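Consider the single chain below, provided in structure tokens and representing the form predicted on its own.
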Amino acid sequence: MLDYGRCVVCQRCVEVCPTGAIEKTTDWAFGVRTRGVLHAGGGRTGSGNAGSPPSSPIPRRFRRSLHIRHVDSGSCNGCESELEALLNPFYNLHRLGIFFTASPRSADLLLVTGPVTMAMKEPLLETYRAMPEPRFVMATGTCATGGGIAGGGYSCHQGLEGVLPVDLWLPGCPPNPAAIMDALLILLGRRPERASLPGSAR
């Protein structure tokens, strides 16, 4: 079984698949609320536009004003480059009422990149503990969703699984700014998920 949460977009699976069942696409990464959906064959995909947005784990009062504290837990800085682009005039994340903050005490969402190295685990947990309730977590990028190429090694974890409770998983190596914005809107209940577990409500 393929795990999209660990995909680093090397395209090797496309090259070696004997039946051609796996093919390259131009789709960007998509966010999901359940980690199991990222297992290929375990989820179903949709247009991302059909139906009404599902209920959000975040109370309605956060839907128009969300403050994010970002923590790099040992990434290569690819995800950070994409996050930085969110603040330029083209993407202009602020127009959606979503802002980055330097203080975890002012944050609603902890956005984590990187596979969670041993050296960064405690600072990450301290940041999470400093956030006021209710607090939410988003795993951003393949390293955070599955460990990436370094996951499970002597110096790091397999991403956020088992480290913090995660409200949204966004794979991609790295996910582009549009994918990050889409995932944030899914988290806020302003966009429907593009994939779900078989039999689950959308």
Partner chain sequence: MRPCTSQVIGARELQKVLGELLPAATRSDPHRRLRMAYARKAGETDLEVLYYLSLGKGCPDLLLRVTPGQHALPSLANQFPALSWYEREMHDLFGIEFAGHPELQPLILHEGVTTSRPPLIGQVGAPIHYRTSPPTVPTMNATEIQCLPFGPVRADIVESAQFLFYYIGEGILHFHQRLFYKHRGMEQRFEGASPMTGVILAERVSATDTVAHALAFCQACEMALGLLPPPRALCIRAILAELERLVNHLHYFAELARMTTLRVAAAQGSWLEEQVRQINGALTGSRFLRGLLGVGGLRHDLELSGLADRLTTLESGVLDFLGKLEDTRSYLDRLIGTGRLSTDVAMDQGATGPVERASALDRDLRRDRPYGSYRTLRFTVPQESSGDALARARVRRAEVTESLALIRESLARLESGPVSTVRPDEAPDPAGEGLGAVEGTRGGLYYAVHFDPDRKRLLRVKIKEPSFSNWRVFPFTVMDTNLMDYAINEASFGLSIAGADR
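Numbering follows the first chain given and starts at 1. Everything quoted here is computed from the prediction, not taken from an experiment.
A second form of this protein, the form predicted in complex with the partner chain, is not displayed here; the remarks below concern that form.
S.K.: Does any part of P134 reach within 4.5 Å of the partner chain in the model of the complex? Heavy atoms only, please.
M.R.: It does not: once the partner chain is placed as it appears in the model of the complex, P134 has no heavy atom within 4.5 Å of it.
S.K.: Just checking whether L83 would be counted as a contact of the partner chain in the model of the complex - the rule being heavy atoms within 4.5 angstroms.
M.R.: Close contact exists here: in the model of the complex, L83 approaches the partner chain to within 4.5 Å, heavy atoms only.
S.K.: Is there any non-hydrogen atom of D108 lying within 4.5 Å of the partner chain in the model of the complex?
M.R.: D108: no contact with the partner chain in the model of the complex.
S.K.: When the contact criterion is heavy atoms within 4.5 Å, does N176 count as touching the partner chain in the model of the complex?
M.R.: Close contact exists here: in the model of the complex, N176 approaches the partner chain to within 4.5 Å, heavy atoms only.
S.K.: Hey, with the partner chain in the model of the complex, do V8, Y91 and C156 all fall inside the 4.5 Å heavy atom range?
M.R.: Spot residues vs the partner chain: full contact, yes.
S.K.: Just give me the residues of 13 to 35, first to last, that have a heavy atom within 4.5 Å of the partner chain in the model of the complex.
M.R.: If the 4.5 Å heavy-atom criterion is applied to the partner chain in the model of the complex, 13 to 35 yields E15, K24.
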